[in-house]
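In structure tokens, one chain follows: the form predicted alone.
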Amino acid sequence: MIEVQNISKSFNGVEVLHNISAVFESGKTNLIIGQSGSGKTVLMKSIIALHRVDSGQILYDGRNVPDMRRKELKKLRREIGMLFQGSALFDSLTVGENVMYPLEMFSGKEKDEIIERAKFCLERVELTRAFDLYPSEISGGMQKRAAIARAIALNPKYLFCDEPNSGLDPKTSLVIDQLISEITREFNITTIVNTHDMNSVMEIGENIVFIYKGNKAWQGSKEQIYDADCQELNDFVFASDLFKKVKAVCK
């Protein structure tokens, strides 16, 4: 579980996050949503200590990130998996080598153990046959699945996904959403997804934090969105005619 308590963050005197508190639960897909420029990306980067907050606490199962020294932060980051917006696979490495990379860097395992773990992770995302292929030889959706395999290679306790469906078609996006949700539940990971994709919100949003102009405007589940007493959230979620019709049906 990750908790943020009263965190604020400013850049050059301009406050981007204001006194935000939220709980991100283990074994659930926790989503951070909001318009572009709302502060959701700054919030995620603050949680993983890429930004140092001005005030407040960020607790990883009780461990406060702002109090950590470099050695403690390095240890914590070994418990974190990252799924980047553009997959961020190394073009010069095969898919298998990409998955093995963090294991070779941080695990201390023998070569045969590393290969076995990489194959297990690729099997979990149904990419066994891609082990010896290069990223340029597989589709965008397969690259994203390979990136998920790499993100879980070190068996992380915490998984961060930055716009995981960016650039993917709706059908492939659904596959990625379901895979993230399954892995989260299967390995009891605290997963935080930064997204503006409303299909993802309605598909896997078990715990949703809505950020509006640097403030936490609402928190709840996908089922609670339809009855949310938050005008800013309603304007964001039901901006399209499709979701307006869905809301009307659910009322």
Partner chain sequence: MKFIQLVGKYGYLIYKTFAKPDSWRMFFRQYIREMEKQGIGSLAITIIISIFIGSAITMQMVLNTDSPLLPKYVTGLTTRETILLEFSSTILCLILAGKVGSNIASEIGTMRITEQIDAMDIMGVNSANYLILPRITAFVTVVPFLVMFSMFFGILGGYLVASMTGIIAVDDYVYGIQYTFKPFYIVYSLVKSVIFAYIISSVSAFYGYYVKGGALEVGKASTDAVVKSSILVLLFNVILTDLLLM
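Numbering follows the first chain given and starts at 1. Just so it is clear, the model here is predicted, and its values are computed rather than measured.
The discussion below concerns the form predicted in complex with the partner chain, not included here.
Against the partner chain in the predicted bound form, the set K74, R77 and M105 is in full contact: each member has a heavy atom within 4.5 Å.
Contact with the partner chain, judged by heavy atoms within 4.5 Å in the predicted bound form, is confined among 115-123, 138-146, 169-177, 94-102 to 94-102. For the chain shown alone, R129 is not a contact residue for the partner chain in the predicted bound form, no non-hydrogen atom being within 4.5 angstroms.
Within 4.5 Å of some heavy atom of the partner chain in the predicted bound form lies at least one heavy atom of L89.
Though the partner is left out of this view, A217 does not reach within 4.5 Å of the partner chain in the predicted bound form, counting heavy atoms only. Residue contact check for I48: one or more of its heavy atoms lie within 4.5 Å of the partner chain in the predicted bound form.
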